[in-house]
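First comes one chain, alone, set out as structure tokens in the form predicted alone.
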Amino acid sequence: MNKVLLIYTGGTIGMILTDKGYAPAYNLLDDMLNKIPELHDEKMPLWDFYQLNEVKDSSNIGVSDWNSIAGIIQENYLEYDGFVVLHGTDTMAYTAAALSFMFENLNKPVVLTGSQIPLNELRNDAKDNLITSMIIASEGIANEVCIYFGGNLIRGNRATKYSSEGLIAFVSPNYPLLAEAAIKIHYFNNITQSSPVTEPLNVQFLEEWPIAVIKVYPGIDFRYYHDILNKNYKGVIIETFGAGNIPGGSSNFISSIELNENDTIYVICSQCPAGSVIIGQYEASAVFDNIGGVSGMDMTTEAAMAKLYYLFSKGYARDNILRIMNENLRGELSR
């Protein structure tokens, strides 16, 4: 019988209502899970429960937590057929994207899930998300990092949070679903692993790097972002209009860049959930060619940020990072 490891990081699924609002509760979820009859049904995979030393609202999840999750999976990789990471929704797409790059030669499912309503509420979406994620993790078909939520299985580095209230909280704007859970779980033919992985799992742990995101808006004056655009940040993701356009022409942006001293990598993403950045398609984006900006193509901001963390942590030179940002490593972009 297949066996799954549940890794609890925090998030709404295990929260309780306090006088300050919903908050994670330590040593509560394990007890709740053990009282759910369906989780002990003979049709369910065997499972163990692992709780991080500190469970968090996912707004507080960061690089050190990504490393902890990856380390737990690495240590237990040979003992389990798949892994389910219970995580808050706010930053789930960031964590899924980060893990997708950190795991090299992954050949087992790593499914992130959570809920919009806590498990201990009378009406909730937590139980179905949990049960279906455990089944998917045990079946060994989607052997990649993915998110299961609201009936949909999404590639982890293609997901973005869509709704703060709806039970379908995540969408995959530029890539089709990996699977859909209806009466049966129907897998589609775009699963990452088309051939067996023979190399052992390797984990590239991440270092803390100064990476910023700037969202362009009408009338933006880039001079106010001088310190971010220059030496203080190693990577800057610029969320532009449309296919890579910014207001104010090139002078507004160029005047804020110290080209001779700056080694910052600029990744150009779009504010549009769907579609791709094409630098130079419009005059309003041509400035990025002049500063050596790299198109984020159809990557989500979450994936672009995670990829930068990964490539910086690999120790690659700047030119290599610029090149690899446009290479498809884990299905994060379309080529």
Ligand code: ASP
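Being a predicted model, the structure only gives us computed values, none of them experimental. In this text, residue numbers run from 1 along the sequence as written.
Although it is not shown, the form predicted together with ligand ASP is what the next lines describe.
With ligand ASP omitted here, the record of contacts in the predicted bound form names 110-118 of 212-220, 177-185, 130-138, 110-118, defined by a heavy atom within 4.5 Å.
Note on contacts: among T301, S276, S58, S68, the single residue with a heavy atom within 4.5 Å of ligand ASP in the predicted bound form is S58. Taking a 4.5 Å heavy atom cutoff to ligand ASP in the predicted bound form, the contact residue among N230, T89, N143, T160 is T89. When ligand ASP is considered in the predicted bound form, L311 lies well away from it, no heavy atom lying within 4.5 Å.
Residues are counted as partner-facing when one of their heavy atoms sits within 4.5 Å of ligand ASP in the predicted bound form; in 10-48 these are G11, T12, M15, in sequence order.
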